[in-house]
Ligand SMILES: NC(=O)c1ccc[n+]([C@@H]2O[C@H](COP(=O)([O-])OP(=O)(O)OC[C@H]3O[C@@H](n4cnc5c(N)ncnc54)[C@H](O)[C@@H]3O)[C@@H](O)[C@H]2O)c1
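The chain below stands alone and is given as structure tokens, in the form predicted on its own.
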Amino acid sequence: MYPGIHERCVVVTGGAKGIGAACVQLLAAEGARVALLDIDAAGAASLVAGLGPRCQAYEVDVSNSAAVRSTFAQVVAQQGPPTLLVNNAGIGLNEPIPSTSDEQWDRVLGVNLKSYFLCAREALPYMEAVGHGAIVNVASVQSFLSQKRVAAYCASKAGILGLSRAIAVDHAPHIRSNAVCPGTVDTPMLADALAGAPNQEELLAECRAMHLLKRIAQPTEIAQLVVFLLSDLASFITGQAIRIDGGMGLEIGGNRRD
């Protein structure tokens, strides 16, 4: 279904759950050799256990440079050189700037943006050596728009777009780099954001209403776009930020006649 994926070595960060897990499952179904990188060792091991010997899990904090370098060396030794990369690891933070500590800011930017740089830095030489490769960076609709109290998260997701463009420019014509920008997705991160709120169902209804399609996305819907962009079907697409957001932010309020 997705040419150019079978038997390729693909690294997926944050692959134990949510969008990352959906990517791992779809890539495995396409016959890729998948290296799942995640700090959640138990979740990662549980996922790959049912996907066959081509898929392996690696416990790593992807914001740590030395750990990323060591893990990529293990991946190469065990599964071969990675020529496809999905940077997906991400965390949220619900704080405005005045109450955001240095440590919180650094942690969000470290996981959500620095890790993308670190993993690309490790993967790109292998792609260059074989003369082809593709990177997909999972950003967000909040690369363009912003909710309240998400300054660090919003900054990190906007930064991913610049990094994606820079990789595309520096490593053309044989290596492609794109970003996907989801709207609200039914993931554990969403559940965590809603946890503890006394009005969870009301908040979830608001999430649905923000999208023109009046629902939130399933992780598999995002994964299908990610794998498409990795595949040969997207061979003329690079440097792009593609929104997959159910039409969020398109409608202007006022003058309604329905």
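Numbering starts at 1 and follows the sequence shown. These numbers were taken from a predicted model, which means no experiment stands behind them.
Unshown form predicted together with the named molecule; subsequent notes refer to it.
- Using a 4.5 Å cut-off to the named molecule in the predicted bound form, not one of Glu30, His132 and Asn178 places a heavy atom inside that distance.
- Note on the interface: of 69-77, 162-170, 93-101, 179-187, the segment with non-hydrogen atoms within 4.5 angstroms of the named molecule in the predicted bound form is 179-187.
- None of Val48, Met210, Val60, Leu26 but one reaches within 4.5 angstroms of the named molecule in the predicted bound form through a heavy atom, and that residue is Val60.
- Shown alone here, Val136 lies farther than 4.5 Å from the named molecule in the predicted bound form, counting heavy atoms only.
- The named molecule in the predicted bound form is approached by Ile39, whose closest heavy atom lies within 4.5 angstroms of it.
- At the 4.5 Å threshold, heavy atoms of Arg243 stay clear of the named molecule in the predicted bound form, well away from it.
- For Arg149, no non-hydrogen atom is located within 4.5 Å of the named molecule in the predicted bound form, even though that partner is not displayed.
- Counting a residue when any of its non-hydrogen atoms is within 4.5 Å of the named molecule in the predicted bound form, the hits in 74-109 run Asn88, Ala89, Gly90, Ile91, Arg107.
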